[in-house]
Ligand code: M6R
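Heads up, the chain below is alone and in the form predicted alone; it's given as structure tokens.
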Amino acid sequence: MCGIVGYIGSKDLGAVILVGLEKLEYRGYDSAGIAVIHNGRLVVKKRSGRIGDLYKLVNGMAFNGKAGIGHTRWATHGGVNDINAHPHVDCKSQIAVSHNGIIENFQELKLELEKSGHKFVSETDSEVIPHLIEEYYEGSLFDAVLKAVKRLQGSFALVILSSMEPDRIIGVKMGSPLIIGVGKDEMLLSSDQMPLLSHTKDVVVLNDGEICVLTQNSWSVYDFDGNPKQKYITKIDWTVDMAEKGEFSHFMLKEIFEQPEVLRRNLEYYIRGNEVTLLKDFNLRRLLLNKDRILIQASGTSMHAGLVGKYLLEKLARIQTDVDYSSEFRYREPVLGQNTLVIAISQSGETADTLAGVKLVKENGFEVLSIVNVKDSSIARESDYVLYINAGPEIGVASTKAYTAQILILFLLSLEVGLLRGFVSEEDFSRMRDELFELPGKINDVLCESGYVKEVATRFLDAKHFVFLGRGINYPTALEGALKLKEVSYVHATGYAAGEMKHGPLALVDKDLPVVFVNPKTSVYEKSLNNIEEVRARGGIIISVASSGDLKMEMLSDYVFKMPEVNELLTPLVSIIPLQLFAYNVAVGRGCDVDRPRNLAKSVTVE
């Protein structure tokens, strides 16, 4: 969740670090800071609030050193204030550390260091790290870091700078992501790819238990025992333009409108003539054909995509599928037989609970298939097999295009396995393939109605509560629609299976409650009409997502978001679009920071 940047080279230190931190804003943060070498000394500037506040503090200062580090903090230990902001320093202000993660044994270490005379000024767990390095320093920063990291328990990515050795930066990875950017006469470190794009596309991804040493013209990687590791440079396939808002006022809006192109890109990549090519890896194909149960574990929006995947895998591939929150999966004792395949879904590939779930499965001797967006991410590297959703960088904290891309990959996977297992005929496959290629155009049709969605949204800026209802394969759509609204607008919203209304939630309905029904033409369409009548009879305000030309839904609803008719199994890919737009416009109308909702982070990399 926190963001880390390190740079060593000849460019303007302050500018590189501050712009790099701006590129990490989407991860969520409450304070920011930098530490740079200037006149041979360590200069630290940090402040709670936005990057703009840090810019004002630095106020165009020119630093004459070549190395600097930066950090955006999302508070875990200690309140949100200037003192608790990173980077943190040792007693002599000669060692600075930016830390992403949690040090679980910091109280024990802090007590030990205080007994040795170290003075602490913050409430954070992170401050023990520079003091620990100081305690072990005997003329070699690298040796001191090696000794220090062996004492740390928990999750940490560290970027370390010292005025005693100003010609290098040291990075450490254990549980939290860290990437080296290899430039020409410059080197960078970052917690993800975004700050690197404008400098280089050559990267080295660190694994857990690795330490890197960067100078202006070199990089090297070691294990925690100081042994050299052989690593390879890979290429980032994202571009700078992908990470810019362009003509859109917010990243979230841009990413909503990118969805047709993301789906088209995946269809062209994964469908070749009369076949789907997700299972071109023979071992993965064999694995799936021999499994009779799938367990999907994911968090947040990815979990909702997994719920849609359950319907698809059971319908098309006839494989029993269960879905679990990663945060629950990792702490119970899941029953995993030899015929069970675990699928992990994560946009970032760094979600802490999902990653822990992957490791749990692997430790018990089972194989994992992951569905992720970011190549070379931790979950991708830990998994036996990976399917990429190819959504490009998703900057908005509230996931939109990654959600529909995840569902598409789950659909293609279900379709291919169903075809191979004999549950999908060649005729049905050809029909659904043609329907898939029509999908981007149909989503564009919904996006063309964004003006009407905005008009409806402006009527509900003062609403306090919403209920979202759906049935069958669109029950997850109701959950995701509710999540989007509360994420970005801070309005309380709850999603339910529509058939459960009579079992309690109906008590919430009165004349002030907006109830959003997701009810396109599907096999449970008539059943949902009965639920709408129940709400209507009790005076609730009805907003619906319905198929174009559906006069019944128009008659029963106060407001209707229309969508083209599509195959029932494809409806979640279309029905979510107006709900994303609705959440966005309610949030903008309420003056919320849409791309950076309060208290939330894009990648939840700590538990």
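None of these values were measured; they are calculated from a predicted model. All residue numbers refer to positions in the sequence shown, first residue = 1.
Quick note: we don't show the form predicted together with this ligand, though the next part is all about it.
Trainee: Picking from 334-342, 397-405, 181-189, 222-230, which part of the chain touches this ligand in the predicted bound form when contact means heavy atoms within 4.5 Å?
Mentor: It is 397-405 that comes within 4.5 Å of the partner.
Trainee: I need to confirm a contact call. Of Gln259, Ser162, Ser176, Ser299, which residue comes within 4.5 Å of this ligand in the predicted bound form, counting heavy atoms only?
Mentor: Of the candidates Gln259, Ser162, Ser176, Ser299, Ser299 is the one lying within 4.5 Å of this ligand in the predicted bound form.
Trainee: Counting non-hydrogen atoms within 4.5 angstroms of this ligand in the predicted bound form, say which of Leu132, Ile95, Val417, Leu483 makes the cut.
Mentor: Answer to the contact question: Leu483.
Trainee: Please run the contact check for Glu127 against this ligand in the predicted bound form: heavy atoms, 4.5 angstroms, yes or no?
Mentor: Glu127 lies outside the contact set for this ligand.
Trainee: Using a 4.5 Å heavy atom cut-off, state whether Gln347 contacts this ligand in the predicted bound form.
Mentor: Answer yes; at least one heavy atom of Gln347 falls within 4.5 Å of this ligand in the predicted bound form.
Trainee: Does Ser489 reach this ligand in the predicted bound form, with heavy atoms at most 4.5 Å apart?
Mentor: Contact check for Ser489: no, nothing within 4.5 Å of this ligand in the predicted bound form.
Trainee: With heavy atoms only and a cut-off of 4.5 Å, decide whether Thr351 touches this ligand in the predicted bound form.
Mentor: Yes, contact at 4.5 Å.
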